[in-house]
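Coming up is one lone chain in structure tokens, specifically the form predicted on its own.
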């Protein structure tokens, strides 16, 4: 009993240290990304204010500019503006005529409806012609006359004044931007030594308590499954399975239906606690950890993200918000910040939004960012799931039948995306898939299992030529 209590206490202490380390690391990452996001937000806000002030100046100068024109040009401009106002003033009445016409078609029949529309449009046309004639008489473009020197001088002085005011506003905005950015960078610089010290202290403690050293784990490995067993009431879903995955490779796990592939994934992500065996992983800090020491929600913090056989999107949220869900474990804002929607939360949201928009753009689906998932093509939704896994900046992504439901063209596109994710984001890919063309086309290593046991492991060519694998899939003669 005492030994069990001691083990529980040590795990609780480890979780406290992990939490401290993760908080320091997330703060360091946020501080690295935030200045660029903050500068873009300041530019956006100041640009909008400048455009509003510029538009206001143009409206103020326009009457003075028209008054400073020679008489023929001034009359032409005033006539065109009057005609434009006339057309705009008739838009709603003409739309109302068409709506009434549609109702009369149903109630009174085509003859009565046509008679009404013809009369109403004739009256509106007559009003327009009368107004146009009035404008033509008032602003004759044949009229002669030079520009009023007084009006030209007033326009020139007003234009200089507005341009000076806009220049002063631009200078003030630049000074304010510099002040705010200097304050942000100074605050980040002051925080950095303390955060780095907290991270290093926690990381050293965790590495010292590791169950496995680098030599025993494998220098090039990122993942190691050792003698994994998962039994369900005597059914051996996974039976003494072992294999290693190297950093940066695409590793495929294949087998007939019921072979235990998804069960392996669920053990890795701790949806299931294995009956026996160990699952080791090189986390995002370079330390070697046993995944069985972690709870399910903590796995994403270690650096592992996954998709599921069925789409697991939130259909009442936009595509952008679905991606932000993938980063929820990395928010430093607490519950109070969420309720009050504090500045701290808003700053973090902006950083994660920038990451989400970049991922959507990288996968070619940025145009859908503000749309809900309802009605979008299945291939697009699969890309959304892939983008969401990347929101947590994982070192390894687990893909559970990513090509399920895709046609041949979409599967080829998916293969290219998987390779680009591995190369561009330095991710290891661990996938289960029944589409052998995809598996053999993208995987560096393939492991075949049947009834929870390993049949063979090797390159795609070796697996294709394995008699044991052929018998498992096709049966023996």
Partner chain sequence: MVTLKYDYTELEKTAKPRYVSRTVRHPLFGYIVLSLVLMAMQLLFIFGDGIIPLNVIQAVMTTMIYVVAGLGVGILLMMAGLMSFGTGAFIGLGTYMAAYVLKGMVAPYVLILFIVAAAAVFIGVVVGFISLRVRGMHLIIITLALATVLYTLYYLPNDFTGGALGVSGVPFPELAMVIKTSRDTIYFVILVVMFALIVVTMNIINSPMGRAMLSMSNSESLAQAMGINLLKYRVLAFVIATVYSMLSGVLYISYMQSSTYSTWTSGLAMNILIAVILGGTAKPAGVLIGSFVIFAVDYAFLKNIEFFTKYPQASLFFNGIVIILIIAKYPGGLIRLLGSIRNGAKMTAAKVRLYRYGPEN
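Positions refer to the first chain, counted from 1. What you see is a predicted model; the values in this text were computed from it and never measured.
One more form of this protein, predicted in complex with its partner chain, exists but is not displayed; see below.
Between 52-60, 26-34, 406-414, 437-445, the stretch whose residues reach within 4.5 angstroms of its partner chain in the predicted complex through a non-hydrogen atom is 52-60. This chain lacks the partner; the member of 103, 192, 123, 131 within 4.5 angstroms of its partner chain in the predicted complex by a non-hydrogen atom is 103.
Only one of the listed residues (159, 148, 196, 214) places a non-hydrogen atom within 4.5 angstroms of its partner chain in the predicted complex, and that residue is 159. Though the partner is left out of this view, residue 297 does reach within 4.5 Å of its partner chain in the predicted complex, counting heavy atoms only. Interface membership of residue 66, defined by any non-hydrogen atom within 4.5 Å of its partner chain in the predicted complex, is confirmed.
Among heavy atoms of residue 227, none comes within 4.5 Å of its partner chain in the predicted complex. Interface residue remark: residue 284 is not counted as part of the site for its partner chain in the predicted complex, having no heavy atom within 4.5 Å.
Interface residues of 78-94, taken as those with a heavy atom within 4.5 Å of its partner chain in the predicted complex (partner not displayed): 80, 81, 92, in sequence order.
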